[in-house]
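In what follows, one protein chain appears twice in different forms, each by itself as structure tokens: structure 1 and structure 2.
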Structure 1
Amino acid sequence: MISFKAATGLALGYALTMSAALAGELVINSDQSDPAPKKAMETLLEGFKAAHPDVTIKWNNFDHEGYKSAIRNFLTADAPDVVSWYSGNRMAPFVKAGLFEDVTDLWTENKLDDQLKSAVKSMEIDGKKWGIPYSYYQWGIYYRKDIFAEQGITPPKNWAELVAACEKIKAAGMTPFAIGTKALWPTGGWFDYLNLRVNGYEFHMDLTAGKVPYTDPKVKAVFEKWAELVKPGYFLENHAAIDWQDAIPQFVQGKAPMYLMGNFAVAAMKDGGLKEEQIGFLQFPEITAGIPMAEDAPTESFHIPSGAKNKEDARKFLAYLATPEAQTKMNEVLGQLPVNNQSAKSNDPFLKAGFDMLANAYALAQFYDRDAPAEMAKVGMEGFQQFMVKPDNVDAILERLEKARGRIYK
């Protein structure tokens, strides 16, 4: 039997009373209230129930905002058996507070270090694994294949080639990169990739965890690279006044033939009138030679609270969630990518390219506004946007970010 209850932040008391487990009952709390995630979760639960007919499931489904404020309360007050959350620095506070269960044994028993290889670093703290990742999506540079062909441009693999491509595009009367930074977060993708490629994954994660000053010369070096694209005018001039969707027409009309964005942008590009064969995807190019290629890939995961009452069935659920078959079925519904590299590949050319890239990634960052605390992410992305408007103010911007770091990470 699977019982489903909708839970919201407004109905928090109700949701908490629902989470109390009966003997032999598996209580799952998650925030999959949108249509596709809800259907994907239903698919997962049906598959698990078929494999484990003796387990009774109670699923409490919260809205996103309500869940963010509710999770700490129910983890400490009356923990369910399984919760949805995120990988990387977003799960660290719960791990450090002793609220998530160590599931390294599940990874070992099911040989998951190989199958979930790209997510190992983002699920690991203090040498232990704290959950099971099941879905992610790629970020990268989407480009106009037809325009690259017209201009004789080969998709760049390193920084020098990217700058040369920008020069050629600009000389032909186009702006190389589409972007809209009004909502700030698109700047986070640029900062992430530049830092990952200049300084590497470990440095990036230390920075977003508050362990490195924003005035560090290595951070300044990231902005020096960024300035090589900002100062010559390689981004849309009015980017601070428009949202990411507002930049799509510039890409569609061929006025800005490259766009660093998540894979969700492809649908908007096609809706704008582009054919699939006009759109290409390329991995963000190498900057510092020899640094392993980590990627931005926001990753969804499930965890067992340390206060769970039915850890035996919770472990069965996470083991099932980790399987190639379960992840294939869920992600077909989500239109995203399974983390398990043994899962079936999608026929969609962009998902296929993303699957190959992420399955071989050195490590996965979760995106700046997930890896950094919310307050730091806001201040940071405001600074990134300001830099893209006035790059000569870089020192003052970094000093302001450093003051924020000192205040926020206490």
Structure 2
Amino acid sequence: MISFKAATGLALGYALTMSAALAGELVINSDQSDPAPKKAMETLLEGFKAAHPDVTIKWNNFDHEGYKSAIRNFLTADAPDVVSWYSGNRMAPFVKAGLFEDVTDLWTENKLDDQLKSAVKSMEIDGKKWGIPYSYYQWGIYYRKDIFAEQGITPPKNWAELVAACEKIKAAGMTPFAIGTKALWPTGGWFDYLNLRVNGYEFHMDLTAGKVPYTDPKVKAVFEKWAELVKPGYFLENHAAIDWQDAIPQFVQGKAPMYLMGNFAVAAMKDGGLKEEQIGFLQFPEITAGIPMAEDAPTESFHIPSGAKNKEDARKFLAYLATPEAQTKMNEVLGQLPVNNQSAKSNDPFLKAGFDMLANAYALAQFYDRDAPAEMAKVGMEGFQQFMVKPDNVDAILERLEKARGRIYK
């Protein structure tokens, strides 16, 4: 949304006015600014208050985009006791700078290695754990069931079927895929899935870890597949001018009946007036036959800053957050999947589909901008966006990415 940027200033201003906490008070900074996450957070805090009535909580809720810059300021200047952040490479700068507290003890004490198994890898740096994951969600193609039925399209299982479906939709006067790339990251989802399906999980991880050049023919092959969708105009035309939310109306109005997105998009689609039975979910189809299917499933987590004043209560909070009960309740409101595998299963059809898909996934990637270092992600996603506008520039783009790779991963 356009107003995100405007609100950034407000969030920063707000951060400056916050004063140090009173003793015995638990200060939580987080970025649950959207309605559903905000409500989920409120549920979590209520649950925690009921379990620990002696702790008073001060919750500073930030604007989602502004939080990303604010966190650096408050971590170094006036650290709260608990912060929300992302796992994987996204937390690496803070861990390396010694700003996050090692919480491996919490994991061993509460036997979390078992319960939070799927997120162990993404919470670990240098063999230690740096936070508690509480939620993750699947990515995949959301499609309009009613329109597919009208056009006689069955959900595609492989690349050829996907392209054929696109052709049919285009011929019927619609644009197959909704997308808004103004904020760049939606392009990362496309690259992730194409690379995971064309070259597989190991190659994708090597690439995001900087071990493979972007000029590798295997990377080029990904863009060739992508071009098969870009060149015939299978994406919304003005995607570079709009944000992901701005593309939702096109999906709702049936002008673009497919959308590769995270599960959080379902709430927006329903708000737009779609009924649950109109929306379908399908796993990103197979491209290279025989490559095991890996998925994108970004994990969200809470951490304790090393400068926290009330670490004792912060640990209590994180321990509570890790429990199956807390995760069940919170994710029910959030519309996402609990990380704790002892949580109750949801009745939501999309979450069920997501749970089944992720349970059988070969491996989970975090997302391009969390797997790759931030700098590379920025240059990379800018390149992806340019490619989606000017697919003929692919060689120049890849060379630019390769140059950036040479600089960033020393």
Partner chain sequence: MPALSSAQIKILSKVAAMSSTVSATSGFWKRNQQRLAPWLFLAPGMIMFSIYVIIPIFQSIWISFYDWDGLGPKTWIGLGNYVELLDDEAFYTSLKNNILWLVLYLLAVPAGLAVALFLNQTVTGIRLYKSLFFFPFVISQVVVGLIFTWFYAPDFGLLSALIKTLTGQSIAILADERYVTLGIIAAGLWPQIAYCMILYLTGLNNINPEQVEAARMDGARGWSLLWNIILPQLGPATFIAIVVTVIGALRSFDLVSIMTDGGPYGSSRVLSFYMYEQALSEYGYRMGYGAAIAVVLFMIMMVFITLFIVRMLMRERHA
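FYI, numbering is relative to structure 1, first residue = 1. Note that the rigid core is defined as the largest set of C-alphas that superpose within 1.5 Å between two forms. Source: prediction; values computed, not measured.
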| query | finding |
| --- | --- |
| Assignment: the form predicted together with the partner chain | 2 |
| C-alpha of Asp78 moved at least 2 Å between structure 1 and structure 2 on rigid core | yes |
| Lys39: Cα shift of 2 Å or greater between structure 1 and structure 2 (core-aligned) | yes |
| Rotational displacement of the minor rigid part between structure 1 and structure 2 [degrees] | 29 |
| Rigid core fit between structure 1 and structure 2: Cα deviation of Ser135 in angstrom | 3.1 |
| Core-referenced Cα shift (Å), Leu334, between structure 1 and structure 2 | 4.1 |
